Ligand SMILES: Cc1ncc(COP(=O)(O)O)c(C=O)c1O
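Just one chain is shown here, as structure tokens, and it is the form predicted on its own.
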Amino acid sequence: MDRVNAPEPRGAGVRLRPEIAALPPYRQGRPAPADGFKLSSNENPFDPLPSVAEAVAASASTINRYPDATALALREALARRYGVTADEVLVGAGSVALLAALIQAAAAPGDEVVYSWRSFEAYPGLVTVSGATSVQVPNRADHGHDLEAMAAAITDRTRVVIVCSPNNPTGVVVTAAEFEAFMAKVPADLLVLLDEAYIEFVRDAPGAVDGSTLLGRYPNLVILRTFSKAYGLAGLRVGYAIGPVPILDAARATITPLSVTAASTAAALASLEPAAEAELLERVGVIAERRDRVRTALIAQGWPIPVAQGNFIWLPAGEATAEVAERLFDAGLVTRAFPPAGIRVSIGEEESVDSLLRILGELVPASQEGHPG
């Protein structure tokens, strides 16, 4: 058919929000080759625990029924753990769903949401969908949050501030002292979201902020965590938020109902059983040790790797980002490239380490901007 006379795609004439039509949809990284490694999604490389898999399988007998819309059993278990009430816990389909609900509950067209950049890639889209405007505050030279600059960026239009620690994708933590100084400058009616999706991987960072120690201190603070990373439940999508009841009730009004399945709840509860959790956290320790070993080796090669406290490392490859990512892909290593800033490399199977270090050793940056030599 002649392209000139070809009919327009269906829906082409429908009036859509222009900012949404221009928003690129989320796309996963390329699949890894059969003999390669997927190091692009910050997934836990270990297989599910048998006890967790059994709990998921048992939940299949009720898939003809809707799940408990409030995930009450899981909320009660988390409430006991953190010393709060079940109403102070909100469970969602991953922490990103909770971020979306909380942003929509507080921010509308004309409002602003402040966050560090570069940080979690979903933040800009979530803010755009709410109708609000992003205010991105550049990271410091060490790739961490500049909380003083973030506090200075708050205006009368600001409705939400997001702090990510450890920061995804750079891996740098916010310290408790930095966070408390920041909260002292933030208006008490401004919602602060502390995104701690990778908190379990923090090692050798005694000054790092821990949202669980701040519960009840601030009427405007909500902490967010997930079972996707440390607990290896990425495929089941279950995360949680802890904070004041009025804020969480507002989010409950915006969140998609029944989005947390019975299988997700069963897997999360099984993961919190003492024996299972001990084994899962032992695996977290293995990943953290592997991360530190990879970072040390890359620094020795000449890569300017920032302090890493998630289950990933950050390669500040600058203008060479796409080139380095392609070289890694050709070697069977799928990574997450953010041109022209850098590459996030998830810590995966032990078998991936030698290939990763070998390829990056051939691409050592000639300067601190990350240009290959």
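Quick note: we count residues from 1 along the sequence shown, nothing fancier. Because the structure is predicted, anything quoted here is derived from the model rather than measured.
What comes next is about the form predicted together with this ligand, which is not displayed.
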* Go through 160, 255, 127, 99 and name the one with a heavy atom inside 4.5 Å of this ligand in the model of the complex. => 99
* To do: Find the only residue in 120, 201, 303, 182 having a heavy atom within 4.5 Å of this ligand in the model of the complex.
  => 120
* **Contact test, all of 197, 229 and 237, partner this ligand in the model of the complex, heavy atom 4.5 Å** => yes
* To do: Indicate whether this ligand has at least one heavy atom within 4.5 Å of a heavy atom of residue 95 in the model of the complex.
  => yes
* Asked: Though only this chain appears here, would residue 168 touch this ligand in the model of the complex if you measure heavy atom gaps against 4.5 Å?
  -> yes
* this ligand contact at residue 164 in the model of the complex, heavy atom, 4.5 Å -> yes
* Among 128-136, 247-255, 71-79, 189-197, which stretch has residues with heavy atoms no more than 4.5 Å from this ligand in the model of the complex? -> 189-197
